[in-house]
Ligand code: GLU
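Presented below, as structure tokens, is a lone chain in the form predicted on its own.
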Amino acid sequence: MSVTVRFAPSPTGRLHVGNIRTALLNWLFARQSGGAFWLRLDDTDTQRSTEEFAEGIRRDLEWLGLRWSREERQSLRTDRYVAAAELLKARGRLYSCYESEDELDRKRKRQLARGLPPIYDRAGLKLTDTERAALEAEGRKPHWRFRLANSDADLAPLPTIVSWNDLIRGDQTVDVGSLSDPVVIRADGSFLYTFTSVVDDAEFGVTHVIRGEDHVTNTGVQVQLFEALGKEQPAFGHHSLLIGADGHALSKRLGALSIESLREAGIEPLALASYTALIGTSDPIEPQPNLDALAGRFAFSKISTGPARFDPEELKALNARLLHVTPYAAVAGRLEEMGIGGGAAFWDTVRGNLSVLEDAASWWQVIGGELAPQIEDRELTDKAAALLPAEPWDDTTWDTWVAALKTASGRKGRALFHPLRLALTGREDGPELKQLLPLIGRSRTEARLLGRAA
């Protein structure tokens, strides 16, 4: 079977780490299976959906390297939803209702007061044509509910209990007999996600639906929608949701973890992809060399049903680890855009001390910019300046120079190396001085040792 999956965000805001985890799991599965990954913009909410947000979604996915082979927009498919709705009306599975939100709320409260579950009482089914006409004469417009197959004998043999073998959670059941018939068409004629998603998945041949566990109950309803439409249902997989490092729900803080904000903070796309795909799995959280390597590790059996813990500090640490092993060729263009030269020699020298790529600029300044001298031991640095060998310098220069300085000064260990580091870099720590020295060059080294800005 050819695999087809989809990522279906609503363009009502920016993508955040929770969205991207879902997108990644779909993309990685499709990549591993040689299947197709589609982008579907669920933009039926015309009040909040914007083209700016849609473009932001595309930009975030492209930045992460998650290419899609097809894009669809629900706002362009209204005719298909109308056709599906008319089919369900003809089959007696959609019925009109006229209650306002206030009336429905009062019904629920009365049921709760009587110790009954707040399930819709199907009053709309009991209306006569005359009663419907009278309600519409009052100016009321109907919303439409999907009639679940539960206790009604006329809808047998569909069971009250909907079950499926979840790709991640194993055997799952939803008792649709305990649910209200869901509204699938609003009074203004707009369609809701529960309905449109099924129509799209059926018509586009989606084979696997991978999404958050907050959709498990939706799946019970949607299985019956597939059956009512006479369509084959896809396989479902429901991953756990993210929690924070403190163990509390992350949902209310996701706005601060938008992909845009993480990008601006210097997080590498591959670090974010590696982290969000591997948290909540049995695999160790390690930087991956590319997305294909990440896809090669993907397996539904590795995804835990327990909460996935997202820790921004852990992501930052992983980002640093990724940069420490990133080859020069992968960042050469970006370094050039930042005005940083030095080639592979510079990159190999400083990458082990970077948290984000932008940190390289400060080390480029240390090497080639003006630096205020920090002289801790004047006697030592004067001797060091006097003993500097002639250029050209290479990776042997440091050892030769330091050996002579040890003999001349009688110093060793921290007493030798700390004053040199302060004078040459102005910092307490950093890359190996052996590698930095040829990059700084003789004239700058001499000036800094003698306490002159250089």
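Note that the structure is a prediction, hence the values are computed from the model and not measured. Numbering starts at 1 and runs along the sequence shown.
Unshown form predicted in complex with the named molecule; subsequent notes refer to it.
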Stretch from 368-376, 211-219, 165-173, 178-186 whose residues place a heavy atom within 4.5 Å of the named molecule in the predicted bound form
211-219
Using heavy atoms only and a 4.5 Å cut-off, determine which of Phe300, Tyr193, Phe226, Phe204 is in contact with the named molecule in the predicted bound form.
Tyr193
Going by a heavy atom distance of 4.5 Å, is Arg448 a contact of the named molecule in the predicted bound form?
no
Test of understanding: in the predicted bound form, would Asp42 fall inside 4.5 Å of the named molecule by heavy atoms?
yes
Residue-level contact is defined here as any heavy atom of the residue lying within 4.5 Å of the named molecule in the predicted bound form; does Ser10 satisfy this criterion?
yes
With the partner left out here, check for me: in the predicted bound form, does some heavy atom of Ser197 sit within 4.5 Å of the named molecule?
yes
